[in-house]
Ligand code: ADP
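Starting off, we have a lone chain in the form predicted alone, written out as structure tokens.
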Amino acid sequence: MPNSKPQVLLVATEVSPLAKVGGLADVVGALAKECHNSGKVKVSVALPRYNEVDKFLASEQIKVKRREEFPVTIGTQSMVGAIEHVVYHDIDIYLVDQPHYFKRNGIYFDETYKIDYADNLERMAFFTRFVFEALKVLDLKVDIIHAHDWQCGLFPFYLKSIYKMDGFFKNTKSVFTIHNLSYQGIFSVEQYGILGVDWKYFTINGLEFYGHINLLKAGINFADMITVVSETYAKEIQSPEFGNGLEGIIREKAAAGQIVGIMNGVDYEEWDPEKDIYLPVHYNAKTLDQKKAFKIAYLKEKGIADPDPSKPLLGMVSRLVDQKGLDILLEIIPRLMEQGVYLTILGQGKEEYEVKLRDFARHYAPSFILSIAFDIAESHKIMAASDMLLVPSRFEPAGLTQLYAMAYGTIPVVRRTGGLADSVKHGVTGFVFEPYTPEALLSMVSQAIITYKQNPAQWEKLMKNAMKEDFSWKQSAQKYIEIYKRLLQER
């Protein structure tokens, strides 16, 4: 048994490149690819079939190899869905097709009205139940179900409740990955009937969280192994400051050896300035003049007729939410702009932040470039054109943008927290500040601006150091593979 190849099913509600809202999709897509490439794991993926997935399949001309329809019970009703088997880059992908739940204007919330779907608990319960039943219909036995974030927290729970006595899953173990502890999937107890399980599970050691249902807690409580997306964040979430009410259970799991931090990696096939499909100009550490040329072209494209190459371009690609440090950044924008810089920000999120950023963009036009959007092509262009990337997060489980930035020779200015602390070396590959204050952020960005303007040789050394860093998925994926194999041995 220890020498056999683990059969692993990754389950997530977004997987790049089929459907993407944020970094979760990048992580699951890259992990699947690296596990497959390693030859040490037989990996497959399951996710819902959204409208976005339809578009992707059509663009890649991917045909469904097998489709099976059947009903599952959710609460008191029977809902029919279909499991569809497709293959992408030699990886088996299983799509849960149920139009009522998944063919909507947005994955987690209505994109038009910016509100969560009222039936999200029902949608996630259906997805989970349907995947379990589909595995039986397809006669697909897996050793490990690896579930990601609160949306899939029911997978470890159902494995040890509804399917505990089901012989088909007697040898199946679960891994649960926490990508961000601040999103927990909390629902009213009035919806408990949707889950289809006994009330004995609604306890402090089960799904109960201050009188509510908590899907992230379900995943933590019932998984055989829990992973967190950086070593520092795995420690931070054991404290009240970062634990969001779950620090007690996380400390228990850590003491039992059931929690491990594994830093996210970068898919360098997608994030490589030498062959980035979104860039008209390519470069590497030996051709940094091409990066400078692209910066000028980018600024001209954005309406700056005669860009000043001595002025640094500060970039930010982020969700515009409290976690990402928007409150302290907004405090310092006027003082930043006074230092003679260009600023480009891409993102969407909290309306209050969007409104304030629009006001600043109007006031400081054309030097302040703002795109309130989710735009993959633009994110690649900002990463390549910018001289530095701002990541002033209040907390950051792993962070991916600082890793992308380093690959592009764009120097990250980050707060020392979570994965940012684990990946950016102050004075070597970036600039790191610690107190979560506007003053600390302004001081560090100002230090970076002075270095850029007054010491070009040191700046170039920073760029080359950053571009040498290797955060490829190979090392991270190997750590996941070791966990899979250990669970098989313990079985």
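None of these values were measured; they are calculated from a predicted model. Just count from 1 along the sequence shown to find any residue number.
Another form exists, predicted together with this ligand; not displayed. Remarks below refer to it.
Residue heavy atoms within 4.5 Å of this ligand in the predicted complex occur in exactly one stretch of 315 to 323, 131 to 139, 100 to 108, 185 to 193, and that stretch is 315 to 323. Proximity to this ligand in the predicted complex, defined as a heavy atom within 4.5 Å, singles out one entry of Asp375, Glu252, Asp308, Glu352, which is Asp375. Put simply, of Phe294, Phe360, Phe202, Trp271 only one has a heavy atom within 4.5 Å of this ligand in the predicted complex, and it is Trp271. Taking non-hydrogen atoms only, Gly23 approaches this ligand to within 4.5 angstroms in the predicted complex.
Interface membership of Leu246, defined by any non-hydrogen atom within 4.5 Å of this ligand in the predicted complex, is ruled out. Using a 4.5 angstroms limit between non-hydrogen atoms, Thr401 touches this ligand in the predicted complex. Contact annotation for Ala421: none of its heavy atoms lies within 4.5 Å of this ligand in the predicted complex.
Contact residues in stretch 329 to 352 (any heavy atom within 4.5 Å of this ligand, taken in the predicted complex) are Leu346, Gly347, Gln348.
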